[in-house]
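Heads up, the chain below is alone and in the form predicted on its own; it's given as structure tokens.
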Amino acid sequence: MTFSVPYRHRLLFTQGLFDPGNPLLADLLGAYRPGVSVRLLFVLDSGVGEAHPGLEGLIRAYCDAHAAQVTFTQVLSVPGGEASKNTPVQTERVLAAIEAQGICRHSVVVAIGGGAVIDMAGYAASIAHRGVQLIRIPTTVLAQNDAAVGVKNGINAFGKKNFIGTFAIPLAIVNDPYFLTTLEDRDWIAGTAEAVKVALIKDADFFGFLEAHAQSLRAREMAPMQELIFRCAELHMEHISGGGDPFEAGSSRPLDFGHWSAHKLEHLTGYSLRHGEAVALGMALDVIYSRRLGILTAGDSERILRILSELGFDLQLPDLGPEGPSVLLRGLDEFREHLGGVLTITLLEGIGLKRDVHEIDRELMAAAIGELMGGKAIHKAS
């Protein structure tokens, strides 16, 4: 017997989400449970709360103004960044709040924060009662254009990123540029790495847009950033809906260009690297390897390394310790284990043109790592 289940994956854009005059959230929940006031548990990234000290009051006022559609229960503050994912502590706090506030399968957990908090809160929601509905409200560039757009949830364990997790379709993802205005420069820049990534493997014209606007993006101009987020998220949504493998049953993750080493770099640096910073290094590494392998021209390689530098990324690998490249190369085996099946790594044949390979020449990759460790890639791209 076979059966199919239809899913609806919604990504919504708005401004002033918690302005009582903005009906988006109330209408969304009214359509979800007509005639019922839906119980909401808010999980708030503590960094977002500190940057927007009046946010909890806005949330309460919004719920009061739309009491026919929503019932406020609690704002649970959790630490932002990988600290929320590195142990089960915060997951257990969210689960305890779900139980204490009577959040059932017809209620909704609303996760507000960066990608790590959304991953963790989404994981907790997906295992409570075998699945509580989730609304994601991402507050960083990386979360709005990538991390919160997919259907994955998870926490870290055994020294491995997202070792424990689930696939679950959120009720909705809601992007609001209000939250981007208070980001540190480092977080503003880090999120652009995922846009470069998806442009490189899917859309050469989008890469051209990023090249043309690299300086204005680095200067924190909102208009090109909003275009970056929209196009990047759109490409991700198209892949999820039309890519044929939204729950990763196969052995390939075509949107993870540069990620095999990025995940390892995050762990090796104790997560002092932002995810986007690690992805930028991972892409630079795989670009150099693709060039050394002879499938990517030197000209395209230089264009890619140049735009990463212009956006503000440091393209010199951190100190990898006495073992040097060998410790980073272990990330290949961990990546294959995480995917299951055969190793599948995405490389580039050109801008907007990817190639999946199932073997890596480790000596050639070690040489590419050495090039990044020595800062030679920065010199070539400058």
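Residue numbers run from 1 along the displayed sequence. These figures come from a predicted structure and were not determined experimentally.
Separately, the form predicted in complex with a small molecule exists; it is not shown, and the next lines address it.
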Checking 47, 331, 30, 325 against the small molecule in the model of the complex, the residue with a non-hydrogen atom inside 4.5 angstroms turns out to be 47
Answer key, the small molecule contact in the model of the complex at 4.5 Å (heavy atoms) among 267, 274, 303, 239: the residue is 274
Of the candidate stretches 102 to 110, 136 to 144, 198 to 206, 225 to 233, the one with residues having heavy atoms within 4.5 Å of the small molecule in the model of the complex is 136 to 144
The small molecule contact at residue 183 in the model of the complex, heavy atom, 4.5 Å | yes
Next on the checklist: I'd like to check something about residue 39: if you look in the model of the complex, is any of its heavy atoms closer than or equal to 4.5 Å to a heavy atom of the small molecule?
Outcome noted: no
Using a 4.5 angstroms cut-off on non-hydrogen atoms, would residue 81 count as touching the small molecule in the model of the complex? yes
Would you check, heavy atoms only and a 4.5 Å threshold, whether residue 119 touches the small molecule in the model of the complex? yes
